[in-house]
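One chain follows as structure tokens, the form predicted on its own.
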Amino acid sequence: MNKGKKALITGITGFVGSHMAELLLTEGVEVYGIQRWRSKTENIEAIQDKIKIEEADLLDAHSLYTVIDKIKPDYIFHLAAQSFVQSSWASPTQTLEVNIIGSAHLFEAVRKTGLPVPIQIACSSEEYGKVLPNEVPIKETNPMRPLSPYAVSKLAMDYLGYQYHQSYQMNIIRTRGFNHTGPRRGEVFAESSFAKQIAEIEKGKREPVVHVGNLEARRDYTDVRDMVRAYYLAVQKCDPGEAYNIATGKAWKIKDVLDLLTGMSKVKVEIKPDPTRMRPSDVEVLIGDNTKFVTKTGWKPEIPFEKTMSDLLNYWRENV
């Protein structure tokens, strides 16, 4: 269907970027990725010989322009970011720099080439922040009340995308992904941290105690493999300048995610709250209304959450 098309992925070595690359390869798309010279590459080891990697840095506008002008991609997936909310409390300025300035550099580089390329930008449900009980499920029109430096950085990127579309008619599609997870998820994220700890306990590498943060938050989880399918549909079917929620419309309490994982375990574990895993302000509930995106693309999530968690746990069993 898309034979001969070229896609460029920023953040190809990351969790979502590596899954995005795998999907595009199965679709017959030629895959290019941007990576910084110091990036870790274990996520793309299995497909390293099927993709083309270019060295560039989001904070170096000229390097981006050089790569985009050389490749002339048919699609761009902008997935590179400082993506961990907790880190954004520790280093807010670095998060703002990478996520906002980096995105502006990318848009400028594309604008300079004059290519009419669709650019999907991975915005975040965290932008909605403080959501009131009567606002769930969250629509794209909901007020934005970001509660972390990360959320503010994503909101700025989101609006930059809108502005570049309005000012220069650039083909930028803003996808607001709600929580997504699966194999290769970074261990700093709650469900992946639980899975890794359980895998280590099973191997006798740590005492049978799982350390946890806030278990009361409720999150709308999509499998990463369904999420990248949504991103691919977005560049083909969505309207430039528009924002689209990508979510399942159902929420899991973090405590229930933990129970699901401990239920899959071969060992008995004790649960211990860890004050260092708590945040200065946490978003209590994030459930997305995906009507706008589904109407436009026909997408629907296909992988049940239980399978996602089982695959994540097995990923850690192989990697601890």
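Quick caveat: nothing in here was measured; it's all calculated off a predicted structure. Residues carry their position along the shown sequence, with the first being 1.
One more form of this protein should be noted, the form predicted in complex with a small molecule, which is absent from this view; the next part is about it.
S.K.: Considering only heavy atoms, tell me if residue 12 and the small molecule come within 4.5 Å of each other in the model of the complex.
M.R.: It does: once the small molecule is placed as it appears in the model of the complex, residue 12 has a heavy atom within 4.5 Å of it.
S.K.: Taking 4.5 angstroms as the cut-off for heavy atoms, does residue 36 touch the small molecule in the model of the complex?
M.R.: Taking the distances in the model of the complex, the answer for residue 36 is yes, it comes within 4.5 Å of the small molecule.
S.K.: Please tell me whether any heavy atom belonging to residue 46 falls inside 4.5 Å of a heavy atom of the small molecule, as the geometry stands in the model of the complex.
M.R.: Although the small molecule is absent here, residue 46 would stay clear of it in the model of the complex, with no heavy atoms inside 4.5 Å.
S.K.: Verify the contact flag for residue 148: yes if a non-hydrogen atom of it lies within 4.5 Å of a non-hydrogen atom of the small molecule in the model of the complex, no if not.
M.R.: Close contact is absent here: in the model of the complex, residue 148 is far from the small molecule, nothing within 4.5 Å, heavy atoms only.
S.K.: Quick one: from 106, 247, 80, 172, grab the residue that has a heavy atom within 4.5 Å of the small molecule in the model of the complex.
M.R.: Looking at 106, 247, 80, 172 one by one, just 80 meets the 4.5 Å heavy-atom criterion.
S.K.: Here the chain is shown alone; which of 217, 98, 131, 71 has a heavy atom within 4.5 Å of the small molecule in the model of the complex?
M.R.: Only one option qualifies, and that one is 98.
S.K.: Looking at the small molecule in the model of the complex, is some heavy atom of each of 59, 124 and 177 within 4.5 Å of it?
M.R.: All of them do, each having a heavy atom within 4.5 Å of the partner.
S.K.: Pick the stretch from 22-30, 264-272, 285-293, 51-59 whose residues have a heavy atom within 4.5 Å of the small molecule in the model of the complex.
M.R.: Of the stretches listed, the one contacting the partner is 51-59.
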